[in-house]
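Single chain ahead, by itself, as structure tokens, in the form predicted alone.
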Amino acid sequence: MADTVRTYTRKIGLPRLIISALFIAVCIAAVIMKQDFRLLVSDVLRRFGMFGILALAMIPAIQSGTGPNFALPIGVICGLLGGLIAIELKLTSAILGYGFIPAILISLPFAILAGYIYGRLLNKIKGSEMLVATYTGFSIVSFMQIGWVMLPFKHPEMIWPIGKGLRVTIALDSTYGKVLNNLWAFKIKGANIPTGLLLFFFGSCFLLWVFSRSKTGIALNISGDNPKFAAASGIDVDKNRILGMVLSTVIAAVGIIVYSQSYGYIQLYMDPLYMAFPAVAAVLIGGASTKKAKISHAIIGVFLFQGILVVALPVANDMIPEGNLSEVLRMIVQNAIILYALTKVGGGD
């Protein structure tokens, strides 16, 4: 019996088991405390869809052998540039998704170029990818503090009324804010189902799955799983590492546009820096390691991670009603999950 339990624990992964148990526990607590479960379900589904693609960006990076992409802010900034340029050029007609489609299309060249350059860099420092990635992400975010002030944007909804530069937070009410959330949305017993958002996320998962089954996708996976065997078989490992980073950066660019439309705002300056760790933690909680990852790991991990954040906070606020502790508790719970995931990168091995 004990051997069977240990076998299933290793198969499923200790982090996933513990986080799943915690999620079930806070859901039970929410029912006991008579929380509005319809609102909680709506929030879980919304956050699942809006964070999902950012976590999905980790899959090709890990599969190519470069490890979790802690330089996710590179792709995030490319996506933000695409969104800003679409609004600046007023490509916000209804037929263009109020700017959502142009934002994605404009961001792609930036993301492909940035991913290629970053992939070349990682090929020069094999073995130190995660350390260098963290510094690279921080550096690009710091550099763009100047860029957001100096870039020649003129749209009145984006720039400061007095002074120079872009605002810290730019509202998307008049453009593509909630465009996916509201697409084919419907209610089930009071719980809002963001159909368009979920379909876009699962559609992205399907496209990545199709790519992973292609000849190029299989070669990329082999390059990360066994570089020596791949090289002996005539596969260009360095080329596939670059391809993995290009894909990761492109998905991150699309992911931040999806995130921004769901949130209703574009957030600039230091905010892109905080996107990498939750995405890494999500795939690790979902069962991935620093060397192997599947699309299912991103789906499961994001659902558990965001589900706990959504349900645990109102429960904690009911238990400690003195003052509004929601933001403090959110940071404590989120960073505790991230820290735990990073200490269990082997998925329970």
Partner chain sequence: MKKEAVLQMKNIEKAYYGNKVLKNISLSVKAGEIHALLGENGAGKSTLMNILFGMPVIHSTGGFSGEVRLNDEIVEIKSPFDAMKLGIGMVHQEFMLIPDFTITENIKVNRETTTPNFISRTFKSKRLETLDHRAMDSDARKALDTLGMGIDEWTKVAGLPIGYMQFIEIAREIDKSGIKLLVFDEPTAVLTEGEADNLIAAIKGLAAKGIGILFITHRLEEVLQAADNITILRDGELVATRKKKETSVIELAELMVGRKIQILNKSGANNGGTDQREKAIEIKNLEVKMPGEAVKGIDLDVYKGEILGIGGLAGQGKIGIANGIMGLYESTGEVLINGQNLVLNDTKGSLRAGIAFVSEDRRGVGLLLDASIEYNIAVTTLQVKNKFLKRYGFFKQIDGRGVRQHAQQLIKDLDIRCSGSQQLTRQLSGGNQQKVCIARALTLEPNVLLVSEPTRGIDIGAKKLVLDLLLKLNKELGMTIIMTSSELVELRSICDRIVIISDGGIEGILPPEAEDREFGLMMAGEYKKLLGKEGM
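Residue numbers count along the first chain shown, from 1. Since this is a predicted model, take the numbers as computed values, not measurements.
The protein also exists as the form predicted together with its partner chain; that form is not presented, and the subsequent description refers to it.
Although the partner is absent here, Arg38 lies well away from its partner chain in the model of the complex, with no heavy atom inside 4.5 Å.
Contact annotation for Lys228: at least one heavy atom lies within 4.5 Å of its partner chain in the model of the complex.
The closest non-hydrogen atom of Lys215 lies within 4.5 Å of its partner chain in the model of the complex.
Within this chain, Ile188 is remote from the site of its partner chain in the model of the complex, having no heavy atom within 4.5 Å.
In summary, the region of this chain contacting its partner chain in the model of the complex, judged by heavy atoms within 4.5 Å and restricted to 190 to 198, 206 to 214, 98 to 106, 73 to 81, corresponds to 206 to 214. The three marked residues, Val26, Ile28 and Ile32, fail to reach its partner chain in the model of the complex, with no heavy atom of any inside 4.5 Å. The contact with its partner chain in the model of the complex, taken as any heavy atom within 4.5 Å, belongs to Ala219 out of Ala219, Val179, Ile112, Leu243.
For the stretch 228 to 244, the set of residues having any non-hydrogen atom within 4.5 angstroms of its partner chain in the model of the complex comprises Lys228, Phe229, Ala231, Ala232, Ser233, Gly234, Ile235, in sequence order.
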